[in-house]
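Quick heads-up: it's one chain on its own, the form predicted on its own, in structure tokens.
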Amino acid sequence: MAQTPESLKRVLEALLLASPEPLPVAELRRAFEDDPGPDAVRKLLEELRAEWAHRAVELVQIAGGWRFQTRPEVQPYIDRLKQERPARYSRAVLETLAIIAYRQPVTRGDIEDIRGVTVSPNIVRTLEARGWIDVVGHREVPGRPALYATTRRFLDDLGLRALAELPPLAEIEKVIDLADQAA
């Protein structure tokens, strides 16, 4: 296949539709025998985004790269067909995640100071198992406690490119309160 801009764009479209994970520009470029370069790939991705602008699926750029995702306004219809229930997290898990997201990097001791209660190892394990937090270092104090921070997967799962896109803390408090009411 000749590498015309249109053929390159179709290949990018197929790669993104077939991938279960977001793909960064560098990864997309590896698919081509003759590398079109990062600027050309970004330009083609922007063209694809525009072509999909009025469909139920949109092309978005998040922390992990580019991916197709359904638009929020069609999500309720998709949710009606899902057999699995979304995971429910306790208030303690959500509070711990919020503290890590907004104050990172933090130790368990920092989290305990903010929450005013002991952090169960199960909470940290739950967040690590989900791939939302990870140890990013150790504080240089006696005992060298682990420093926790959010991961790229956390940003991807929330549809964000950067931590700066997190909603204000007041919004997070509302979500935690709603989770408590639903439980």
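The numbering used is simple: start at 1 and walk along the sequence shown. All values derive from a computational prediction rather than experimental measurement. Note that the rigid core is defined as the largest set of C-alphas that superpose within 1.5 Å between two forms.
One more form of this protein, predicted together with a further copy of the same chain, exists but is not displayed; see below.
Trainee: Does the 4.5 Å heavy atom contact test between residue 54 and a further copy of the same chain in the predicted bound form come out positive?
Mentor: The answer is yes: residue 54 has a heavy atom within 4.5 Å of a further copy of the same chain.
Trainee: So, residue 31 and a further copy of the same chain: in the predicted bound form, are they within 4.5 Å at any heavy atom pair?
Mentor: Yes, residue 31 lies within 4.5 Å of a further copy of the same chain in the predicted bound form.
Trainee: Answer with yes or no whether residue 164 is in contact with a further copy of the same chain in the predicted bound form, where contact means some heavy atom within 4.5 Å.
Mentor: No - in the predicted bound form, heavy atoms of residue 164 and a further copy of the same chain never come within 4.5 Å of each other.
Trainee: Is residue 70 one of the residues lying within 4.5 Å of a further copy of the same chain in the predicted bound form, judged by heavy atom distances?
Mentor: Within the cut-off, so yes.
Trainee: Which residues from 3-30 come close to a further copy of the same chain in the predicted bound form, meaning a heavy atom within 4.5 Å?
Mentor: Contacts from 3-30: 10, 11, 13, 14, 15, 17, 18, 23, 27, 28, 30.
Trainee: When you overlay the rigid core, is the Cα of residue 73 off by 2 Å or more between this form and the one not shown?
Mentor: Passes the 2 Å threshold, so yes.
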